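This text opens with one protein chain seen in two forms, each one given by itself as structure tokens under the names structure 1 and structure 2.
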Structure 1
Amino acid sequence: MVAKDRQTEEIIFEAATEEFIHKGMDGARMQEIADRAGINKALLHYYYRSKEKLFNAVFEKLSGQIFKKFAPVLDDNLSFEEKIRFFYREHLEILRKNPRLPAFILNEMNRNPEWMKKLILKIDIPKVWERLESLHKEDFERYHITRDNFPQLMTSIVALSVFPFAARGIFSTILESMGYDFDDYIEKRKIYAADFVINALR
């Protein structure tokens, strides 16, 4: 029966996602995933042959999510500044909805560097640079963005949105001790981070 098949598979997938994202590959237990999905442990192996296969399925979907919304960066119709604002607005919103994603990805990437290496090498980074450079020649000149300092800028931009989530445990504690709220902080960050970068470049 296709309908129920799909349902069970999805229930398992979601339970596995929860478990892996909280405890990582090493910490997660097949029994716990089964319990969470309300099924027998053998059923896990029926749908996903091994823990590794199940993990890979989950990881692939989650890592895809975090790299989404990067595409509009290459869009013709947005100015350089608009791109920066767009990026923080959209990316921080995705992360707000999936706050554990960054920690999870960094975690597993650290555990299995080769894995991520393959994923990254699919993207032709030098081409991205060339495209951006030709698309915003004037801005790049005005802001002194060169091929040499381009990585510095890019990593800075990403750091400002991803790091608060990667270190959410620390940050939300600190924020609370000052009487602020993490979700509030993120909402304001959509503007703050964009202003911060644009100002830094001027």
Structure 2
Amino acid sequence: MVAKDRQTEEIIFEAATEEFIHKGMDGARMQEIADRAGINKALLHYYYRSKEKLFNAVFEKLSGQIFKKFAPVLDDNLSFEEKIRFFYREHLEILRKNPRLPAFILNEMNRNPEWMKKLILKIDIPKVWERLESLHKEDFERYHITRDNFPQLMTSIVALSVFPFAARGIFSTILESMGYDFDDYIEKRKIYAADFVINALR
């Protein structure tokens, strides 16, 4: 029975994730999530009493999976430059598989900024900085990376991978008019964006 409950919950999570990413919190409907999961609405409410509770559970699990994916950034077995390359390989691949993710996150940040702040504050940002600085002290000194300009650097790094997806509706049309395939562009961008950041730091 426990195994069956777990399987049903996983099916609900998968269906809800698809529905929320496509339509956001406001646009998603519990009936449509139930239909997508192949269950009745009463059973969906048995597991999750409200759409808000289901959304919170899905969003926290999704963000947790993403943060876990980038855990090697805090390991000591990769150089600073290797971590930049690792970030773009993984981040761009996640976005390639989930192209609606940036728009979904931006919409939810605007819809409920306080809830989003609570989620972000679960990450010990100062501790992340201290860990990276201790691991790559020489690199930080050579590249003039400080606590003051670190937010600027991180914003720039993330923007280079997020923008093509956040503006995909227009950007993919521009690429097509120039004879480029969007997926091929993203594959090459994994290398180009990393090279761009590393060369900019030197």
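Here, residue number means position along structure 1's sequence, counting from 1. By rigid core we mean the largest C-alpha set that fits within 1.5 Å across both forms. As the structure is a prediction and not an experimental result, all values here were calculated from the model.
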{"property": "Index of the chain form predicted in complex with another copy of the chain, chosen from the pair", "result": "1"}
{"property": "Post core alignment: Ile186 C-alpha displaced by 2 Å or more between structure 1 and structure 2", "result": "no"}
{"property": "Rigid core superposition, Arg49 Cα moves 2 angstroms or more between structure 1 and structure 2", "result": "yes"}
{"property": "Shift of Lys61 between structure 1 and structure 2 at or above 2 Å (CA, core fit)", "result": "yes"}
{"property": "Shift in Å of the Gly27 Cα between structure 1 and structure 2 [rigid core superposition]", "result": "3.3"}
{"property": "Displacement in Å of the C-alpha of Phe13 between structure 1 and structure 2, rigid core kept as reference", "result": "4.9"}
